[in-house]
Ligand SMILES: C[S@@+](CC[C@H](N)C(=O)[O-])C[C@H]1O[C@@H](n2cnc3c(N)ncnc32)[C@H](O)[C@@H]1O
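One chain comes next, on its own, written out as C-alpha cells in the form predicted alone.
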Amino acid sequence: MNQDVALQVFFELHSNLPREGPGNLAATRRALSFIPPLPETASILDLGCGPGMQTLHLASLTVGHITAIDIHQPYLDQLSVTIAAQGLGDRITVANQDMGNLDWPDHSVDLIWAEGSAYILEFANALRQWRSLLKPGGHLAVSEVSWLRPNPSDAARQFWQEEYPGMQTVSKNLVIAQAAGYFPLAHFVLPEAAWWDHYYTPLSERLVALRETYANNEDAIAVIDLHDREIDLYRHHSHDYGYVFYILKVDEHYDPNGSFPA
C-alpha cells in the first residue's frame, strides 16, 4: 500500500469531524462526578485532545486552566477557532506536543484527561509515564477500548488483534492501573450512543462521499474499507468490547519497588 495515499485518505476521513473517538458530554460529566471539586488554580491536561469537543465540555464543567495537547496541528487549529469564537482563551491553551514525551514539570498537574488516546502509547505505558506529572492526590480520567467479555467473538478478536493487540479486559486494566501507582475510584462503559452520535455516524457519511471520490484508487479504497469494517464490527459485536472510562487517583502509598499480582 502507498503510505502517502493512505495517510492522505485517513486525514480526509477524519478532518473536521466532531470527535476522533467515542464519547459525549454525559460520559465526561459522569467521569468528573467521581473526582472532588478542583481548586480555582487547577492545572488540567487534555492529552490527545483531537478537535477538542471534550476539551470544551471540560471547560464548561470545571474551573482552572486546561492545556489541550495533540501532535496533529490541524486538530489544534480547529479547536483554536472554537476557543476564540466562544471566548475561552483565558481557560484553554493548545499545545503541539507528543503526549509520550511531554515537556511538563513533574508533580504540577491536578487532573489528566485522556479520552481514547492512551492506546497510542499502550495503556500500561501511558499510565506509568503520566503519573509523575500529577500532584500528590491528583487524578487521571482515561477512556480505553476494553474487552467486555472473557470470550469475545472470533470476528471481534481477529479485528482487534490486528488493530490493537494490547487491548485488555476491564479487570486486567484495573490491575494495570494499580500496578502503575493509582487507586481506581470508578469505571463505567460508555453507552453505544457515545460511539454513534459524534463519531461513527458522521464518519460513515464521510466514507460514502470519499468512496465515490476514490473509486479507482485501490490504496484509498483499502483505507475506506478498513473504516467500514470497524464500524460494521461494532454494529454487530458491541457486546464484546467497548470504551471504558477509568477514573484513577494517585496512590500516595505506592511503592514502585514492591510487588503486585500479575
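Predicted, not measured: the structure shown is a model, and the values here were computed from it. For every residue, the number given is its place in the sequence shown, counted from 1.
Although it is not shown, the form predicted together with the named molecule is what the next lines describe.
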query	finding
Residue stretch of 179-187, 96-104, 144-152, 164-172 approaching the named molecule in the predicted bound form, non-hydrogen atom distance within 4.5 Å	96-104
Contact test in the predicted bound form: Gly116 vs the named molecule, heavy atoms, 4.5 Å	yes
Heavy atom of Gly21 within 4.5 Å of the named molecule in the predicted bound form	yes
Close approach of Arg91 to the named molecule in the predicted bound form, 4.5 Å, heavy atom	no
The named molecule contact in the predicted bound form: Phe123, any heavy atom under 4.5 Å	no
Proximity to the named molecule in the predicted bound form, single hit among Arg157, Arg128, His72, Lys135 (heavy atom within 4.5 Å)	His72
Stretch 224-248 - residues with a heavy atom within 4.5 Å of the named molecule in the predicted bound form	none
